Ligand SMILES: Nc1ncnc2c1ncn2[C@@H]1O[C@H](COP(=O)(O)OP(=O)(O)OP(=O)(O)O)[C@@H](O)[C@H]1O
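Given as structure tokens, the chain that follows is alone and in the form predicted on its own.
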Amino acid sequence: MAPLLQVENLEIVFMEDKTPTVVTDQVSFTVEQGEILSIVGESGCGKSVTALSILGLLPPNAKVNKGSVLFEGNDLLKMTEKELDQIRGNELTMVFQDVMNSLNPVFTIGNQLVETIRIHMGYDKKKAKAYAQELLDKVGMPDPKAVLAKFPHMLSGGMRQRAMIAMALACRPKLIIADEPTTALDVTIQLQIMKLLAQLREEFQMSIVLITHDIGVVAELADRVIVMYAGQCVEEAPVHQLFDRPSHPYTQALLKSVPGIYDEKNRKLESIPGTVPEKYHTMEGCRFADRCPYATDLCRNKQVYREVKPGHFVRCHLGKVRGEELSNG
């Protein structure tokens, strides 16, 4: 059975003073029906721009230079805006990270949600309003009838995010892309939103691409994890395998920076020295080498993205050798 979503060799470029800058380099992954795939990595790694390219929402100075994005076998990159509009909001939707700027401040939640339902589902105003209230109740919104009459600024961050999720669910899509859905929310609300996404996945049998810089939030939610760094996929594995046996030094560094419930009392969290390089598209070798404690002269050569175990891929020539050593710290 073919994957629901198949991204192949995606290369995205930004134009700066008529000079193209490559921001993602041959990014490839699949999403199966009913699967939760998480894409993790630091800010500036190319996660969000990859998501925007799938929906055809890149800014004017960016474009997909190479690659394909197949949704149910159809290449989204070859579709016209009119053809994309038949899929976006219906079968493929997105929950954006900046929820305050994603909701129109001059219209009520009801106006925005009802408009979405009427455009995509063809309901009359009365039926659309009843369905909007039902959706807000579905995502755990307290007093959904009253919320319909409120403006975004009258809601808390968690309530605004629930309203965005309700809009994304309106047409019962096959795939939701959630880009940093818990950004700027406190840890209690983060947990509620994550549990809500997991519950909705089970209820609607939909797939989710969860994009986050916090690897800690994916442990109990994701089925599979892709780690991105400097515009490249550096590791991919089933979630438990990734946490138990990380093969790339960057993945290991991310895990060491996250507290665990079973940690010893005297354990100190580690930070990753340095920052993501800005001009990484000009780097021939490993883009993490300057921050990696295992770096050798071989890291200056091009790194091949290879399968070290069934379903476990890594872009590191030491991955297979160092995997167990890394996972044991």
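From 1 onward, residues are counted along the sequence shown. Because the structure is predicted, anything quoted here is derived from the model rather than measured.
Only in words, not in the display: the form predicted in complex with the ligand, which the text now covers.
When the ligand is considered in the model of the complex, residue 49 lines it closely, a heavy atom lying within 4.5 Å. Remark: residue 56 does not count among the residues lining the ligand in the model of the complex, judged by a heavy atom distance of 4.5 Å or less.
Although the partner is absent here, residue 14 sits close enough that one of its heavy atoms falls within 4.5 Å of the ligand in the model of the complex. Contact check for residue 127: no non-hydrogen atom falls within 4.5 Å of the ligand in the model of the complex. Within 4.5 Å of the ligand in the model of the complex, a heavy atom is found for not a single one of 8, 68 and 279. A heavy atom within 4.5 Å of the ligand in the model of the complex is found for one listed residue only; from 138, 213, 245, 118, this is 213. Residues are counted as partner-facing when one of their heavy atoms sits within 4.5 Å of the ligand in the model of the complex; in 17-49 these are 23, 42, 43, 44, 45, 46, 47, 48, 49, in sequence order.
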